[in-house]
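Just the one chain here, the form predicted on its own, laid out as structure tokens.
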């Protein structure tokens, strides 16, 4: 199983962010960690009374590294209490460039964290201001020096394209700057203007012009060209890695394997069930202080649900869905479950079958969501 831990605090809210996160303050974070430990104890320890083994851990948010050194250490002491951290094959922590320090990185290293994910998003000051990011590119360079100096040799960088008013030249420059830093993994996400965000409101008011689809497609294709040329493997729709540095934790999601999510608004997929926690911070803490799990929803997945998820998650991978594995798992051929949909997608050139794999074509990659809808 893989484990996700949600830390819902940031220095400030980014203009495009629709995730469950709050402005950081020490007392709120301290109270949250107490509740988080109670959830872990109830879910993983109360019946077995022994440490659990997990394959991967991903600490995300929010910005986990916004926590003070004292609370960072407390978080990892909690994890060390309930899980065999030495047996974790990939242990990732999300961060922002202006929240990293040498001391904080040493704490992470001491507890077995072996992968960092740094939210850079853009390299131009004006775009960072539009996104309301609390760092600049100088912070990025400095953070890389710190990270490498402490000994981290598996680093991901997140970049965003399709930012309102962003030009193709600015996107190319961001890619070039990050390639020069030589991270092991680069994630290139197409900006989504989400309801309830400051950025969407600014676009609606006409203060900013949204990026045209044609330009977004050029940016996406340019990322593929530049990164593949530099030796990065395009292994998932939005993700590129140096050989053997694919994100193991995310592969768990894309293979539709089991994972447990702990923390505010966290989701889990365990033994055919999908669970989600409340996104109400006060309710989350109150329920756990009373010894009750803060579940918001619990869904028993049907065979059809699991087949659908296996296909549209697997199609995110460039290699696609393994047809033999699909049959072994569900005792039915994928092609027999969706014959009409497949005929349509194959005739439109959006997917192809190569050997034992169903995969997106170059034409289908940029409009993957259109393809996914056929399997829902």
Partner chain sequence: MAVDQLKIRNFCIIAHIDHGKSTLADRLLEYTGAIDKREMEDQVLDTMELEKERGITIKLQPVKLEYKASDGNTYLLNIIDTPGHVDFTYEVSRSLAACEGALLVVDASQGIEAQTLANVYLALEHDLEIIPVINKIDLPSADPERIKREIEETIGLDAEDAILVSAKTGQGVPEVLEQIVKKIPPPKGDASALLKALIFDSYYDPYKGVIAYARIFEGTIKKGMKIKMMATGSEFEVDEVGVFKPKLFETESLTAGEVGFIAAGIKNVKECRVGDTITDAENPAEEPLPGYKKAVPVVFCGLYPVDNADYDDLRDALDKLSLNDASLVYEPETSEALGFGFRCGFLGLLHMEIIQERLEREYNLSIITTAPSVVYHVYTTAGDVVKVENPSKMPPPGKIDHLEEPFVKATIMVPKDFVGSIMELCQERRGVFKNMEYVGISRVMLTYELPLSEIVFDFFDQLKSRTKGYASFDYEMIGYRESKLVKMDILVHGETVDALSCIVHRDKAYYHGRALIAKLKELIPRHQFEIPIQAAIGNKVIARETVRALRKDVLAKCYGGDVTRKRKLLEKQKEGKKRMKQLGRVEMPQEAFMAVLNVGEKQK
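Numbering follows the first chain given and starts at 1. Owing to the predicted nature of the structure, the values given are computational and were not obtained by experimental measurement.
What comes next is about the form predicted in complex with the partner chain, which does not appear here.
Looking at 253-261, 70-78, 176-184, 224-232, which lies within 4.5 angstroms of the partner chain in the predicted bound form, counting heavy atoms? Residues of 253-261 come within 4.5 Å of the partner.
Contact residue in the predicted bound form, from 293, 141, 270, 301 (heavy atom within 4.5 Å of the partner chain): For this set of options, the contacting one is 301.
Which of these residues, 204, 102, 126, 212, gets a heavy atom within 4.5 Å of the partner chain in the predicted bound form? Checking each option against the partner chain in the predicted bound form, the one that comes within 4.5 Å is 212.
Tell me, yes or no, whether residue 367 is in contact with the partner chain in the predicted bound form, where a contact means a heavy atom of each within 4.5 Å. Yes.
Residue-level question: is residue 190 within 4.5 Å of the partner chain in the predicted bound form, judged on heavy atoms? Yes.
Interface membership of residue 30, the partner chain in the predicted bound form, 4.5 Å heavy atom rule: Looking in the predicted bound form, residue contacts with the partner chain do not include residue 30, since no heavy atom lies within 4.5 Å.
Residue-level contact is defined here as any heavy atom of the residue lying within 4.5 Å of the partner chain in the predicted bound form; does residue 279 satisfy this criterion? Because no heavy atom of residue 279 falls inside 4.5 Å of the partner chain in the predicted bound form, the answer is no.
May I ask whether 37, 87 and 242 all come within 4.5 angstroms of the partner chain in the predicted bound form, judged by heavy atoms? Not one of the three qualifies.
If you look in the predicted bound form, which residues in 1-40 sit within 4.5 Å of the partner chain (heavy atoms)? Read in sequence order, the residues that approach the partner chain (within 4.5 Å, in the predicted bound form) are 4, 19.
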